[in-house]
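In the form predicted alone, a lone chain appears below as structure tokens.
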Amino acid sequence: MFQKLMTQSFSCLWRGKRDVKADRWSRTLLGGFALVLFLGLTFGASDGALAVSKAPIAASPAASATRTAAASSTPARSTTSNPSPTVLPAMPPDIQRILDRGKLTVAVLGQDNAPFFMGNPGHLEGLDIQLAQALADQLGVSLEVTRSAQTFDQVVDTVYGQKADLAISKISRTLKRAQRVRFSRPYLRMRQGLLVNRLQMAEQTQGRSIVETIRDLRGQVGVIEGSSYVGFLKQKFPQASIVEYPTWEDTVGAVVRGDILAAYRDELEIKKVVRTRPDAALQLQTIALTDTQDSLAVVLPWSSAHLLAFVDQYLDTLATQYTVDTVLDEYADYWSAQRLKQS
């Protein structure tokens, strides 16, 4: 209808009709057309803008690919909080095992060796026992002493086989043992010594001095079976004959009887014989070797690195550093009591 009216209007104008009515009618149609056109453009633009704002924009393939790559390269934000840090163990493994067990297992020689370890299972005492108890106290655990070993080498084997946390049993530090176990720093340093039968030594000297005779020591020399002094004797007196005895008491007895020339051990044990057996002083002579040293230390498994550091730290904090004489003096009452029992 609208198109028809427009056609008629233009036709009337083209033909040149001049009547007033026709001219008025044309102007009216033209005004209405202009109004409709204005309103159509106005509302059409508004509706188009609204449609654009509401409808999604169709992106070109290149733009879509760019946004996809950017999204994949941007790390996604975690919807959870930051991950908690790795929980570390409370203690190093060699310490934690002891704490979990609630006790420190210490290997000690099965035979008493005063003043280091002596007494019955229910009441052990001595320097080494004191040290073992102090370490257990510092760790906050109880002390368990195992005494299945019958030789010093067997004590070391007990630790090497991890049947004990450590050993404190008057064990000397040697290179041979250090191939299998770890040693703490020494808690007692001693010289080596000889307990000599006076009569046999007189036969050895034959006009020479004692020093010359000792340098070229010959004859039978007794040591404890399985002790570090078997190796010490081979190094120090290669021309002497080694005789091994099960215990130190057996070795001393052989010297007193004259079965062997001398007994070889540390100076503490040599001096202890004179203190505890004054009746044998006429038969025996003690000789300290000033160019030697025997260091006693705690024995630990080769894998117990942190336990070793702990033991060394404790030894460094000791107010008193032990010497042979201080140990002998500290346990003088013990030997006096032992002599009363024997008399």
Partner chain sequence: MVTSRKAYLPHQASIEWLRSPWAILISSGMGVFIGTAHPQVAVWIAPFGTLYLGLLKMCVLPILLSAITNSLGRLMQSHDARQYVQRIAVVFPLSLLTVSAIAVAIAALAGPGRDLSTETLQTLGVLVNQSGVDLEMALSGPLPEASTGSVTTLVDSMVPDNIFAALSEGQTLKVLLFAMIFGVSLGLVKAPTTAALFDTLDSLYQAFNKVIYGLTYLLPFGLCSLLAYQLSQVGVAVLLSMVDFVVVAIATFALIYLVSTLVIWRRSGLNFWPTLLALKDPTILSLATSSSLACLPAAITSLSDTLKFNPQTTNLVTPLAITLCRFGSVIYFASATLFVMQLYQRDLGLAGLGIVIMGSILAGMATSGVTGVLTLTMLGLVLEPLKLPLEAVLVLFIAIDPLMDPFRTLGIVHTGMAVTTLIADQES
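In this text, all values refer to a predicted model and were calculated from it rather than measured experimentally. Residue numbers count along the first chain shown, from 1.
Although not depicted, the form predicted in complex with the partner chain is the subject of the following passage.
The contact residue chosen from 180, 191, 163, 185 relative to the partner chain in the model of the complex is 191, the criterion being a non-hydrogen atom within 4.5 angstroms. Of the candidates 176, 101, 123, 215, 215 is the one whose heavy atoms come within 4.5 Å of the partner chain in the model of the complex; the others do not. No member of the trio 152, 230 and 293 reaches the partner chain in the model of the complex with any non-hydrogen atom inside 4.5 Å.
The partner chain in the model of the complex is not approached by residue 137, whose heavy atoms all lie more than 4.5 angstroms from it. In the model of the complex, the partner chain stays beyond 4.5 Å of every heavy atom belonging to residue 315. Taking non-hydrogen atoms only, residue 249 never approaches the partner chain to within 4.5 angstroms in the model of the complex. Taking non-hydrogen atoms only, residue 257 never approaches the partner chain to within 4.5 angstroms in the model of the complex. Heavy atoms within 4.5 Å of the partner chain in the model of the complex are found in exactly one of 191-199, 137-145, 123-131, 167-175, that being 191-199. Along 277-298, these residues reach a heavy atom to within 4.5 Å of the partner chain in the model of the complex: 278, 279, 281, 282, 283, 285, 286, 287, 288, 289, 290, 291, 292.
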